[in-house]
Structure formats: C-alpha cells, structure tokens
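In the form predicted alone, a lone chain appears below as structure tokens.
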C-alpha cells in the first residue's frame, strides 16, 4: 500500500507539472507582460505590483524577468532594471516591451520603458540596452525617447505609455504606444532614435496596450479597448495597415479593469500572455500574469481565447532539462 501511495503521489506530481497553471508566478503580484524567445527559452518581463491591500493606485518600483524552456517550469531571473536605471526618471515601472536585435555587429536586448519624468510633467518612454536577456540593462540614450510634450493629441499626462516594439522582416523597426490615442513611429537601426515623424492611428474604442505581431504574412495589431478592458485586434497587409477590425478575442477581467497582452511563437505553438488578478489577495492594483495557447482559423483570424487555471501544456525545447 505504501508503494502504491507513493506511485500515485508521483503520478499526481507529474500531471501537475505537465501544465503551467495560471497565474504563472504565485510568489509576487505581476502585471503587463512582455516576452521574447531566445535560444530555446521564453523570457517574460513583468512589472511588480507592490501595492498593499489598502492602496488605491499602482505601486510599481521594478521590472522582473522570468524564463522557461517548456512553458511550464519558470525560473525567476531577478530584476533587470528599475526606473532609476534612467537618471532622468522619477518613478513608475509601467508596462514595457523588449526586443532582440543586432546593432553594430553585436546582439543586444532593447528595453522600452514608460516612466515618470523628473522635469517634464507626465509619462515618458526610455530605452535601455543589455548584452543579456536577463540584464542588467543600462540607459541607451541618456534622455527620454518620448516625452509628454512631444504628443499633443490629448490633455492627459499618461498618453505616452505601453510601448510595443516590432521589427519587420526587412529590418525596419517600429514603436507603437499610447493611451486613448494610438501612435507609432519608425525607429532607426540604432533603436534609440525615431526615423521620421510620429503618426496617429484612428482606432475606435482604443484604450492602451498596442502590440504588433506577424504570422504567415499577416500583421496583427492587438490592443486593449474600452474600460474595463478587453483584448481586440485588427489585421493588415503591412505594419502600418490599412487595418481591418476583427473583434474581441479575450473578455474583461473580474477583479481588475486592465488586461495587457503580448504574443509569442515558441516551439511551433502560439501563445498570449496577459494579466488578471486571480492570486489570493489580488485586485485592481495587485495583478497576476497568465498565459494561454492561441489558435488561428484557416483564414488567419484568431479564435476566441478563454482564461484558464490550467494554462498550456508543456512544450519543451530540445535539451530542456526541466520539462516533464
């Protein structure tokens, strides 16, 4: 009987480890996921929600990074940077994005970070760079790439947030960002300067979190719409459209009004990362990052994505020692 119980316990452990389980990172409240795939690992960058239960606003002083070779077992890779990585920043580690790119013959990792500026009122976007996906990152410019006084489409101080960076097959990089108004600009090859003017994209019901990805020749521009937010998307033949609205693919959260998505391809499967507030004690300012597998229809449209507690099954890279 003792051996039978042990065997059953091992079998139960194997079943438990075979799927990720959402939320992904149960030890901390995390939000606003960004992700890259590099050398058989997924790196997920999150903001750390540090608000106490009685707080009534975001308290975010650092970004953290986690990685996995199988989408199930996650390694805490620590704090790659904080707002104080930028000497000109005051605070606020809000929703960032990361991309890998070779510049001047060296592979670099570029981190686009929205932070509050010390001297220019409102939110700004900085650029940090590292030789490693886990950091440490350093300020790549010494000044902000975007400041609130550069964009005048709204009167709010937080319309220059949620950067999403995309590099097309021809090497041209783009930065998308915004709250209530979606903006984009081309980036120079050095990844630290704009190559041309800032453009505005007219998107009905746009709130924030623009994210561009490409699959089978189609460009997918996803974003959070309304408030409370839901994830909607459009498709187009180029990174700048023209865009065809495709509707909602993930509905509103129960315990937080925000959601924030990022898409990746890993080992032949598609995934979306997002946040809810489903950890014990979670809420509006205490959120939790989760992941789901994404499935596409034959015409390239995205199937509706349900939030699950199980998450996706293990999808190990070759040589992944932690896969079950």
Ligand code: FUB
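These numbers come from a predicted model, not from an experiment. Numbering follows the first chain given and starts at 1.
Just so you know, the form predicted together with this ligand exists too; it's not on screen, but the next bit is about it.
Visitor: Tell me which of 35-43, 264-272, 52-60, 294-302 has residues with heavy atoms within 4.5 angstroms of this ligand in the predicted complex?
Guide: Careful reading of the contacts points to 52-60.
Visitor: Which pick from 98, 161, 232, 128 sits with a heavy atom within 4.5 Å of this ligand in the predicted complex?
Guide: None of the others qualify; the residue that does is 161.
Visitor: Give me the residue from 211, 184, 137, 94 that has a heavy atom within 4.5 Å of this ligand in the predicted complex.
Guide: Only one option qualifies, and that one is 94.
Visitor: Contact between residue 258 and this ligand in the predicted complex at 4.5 Å, heavy atoms?
Guide: Flag for residue 258 set to yes.
Visitor: In the predicted complex, which residues of 277-302 put a heavy atom within 4.5 Å of this ligand?
Guide: Only 287 sits within 4.5 Å of the partner.
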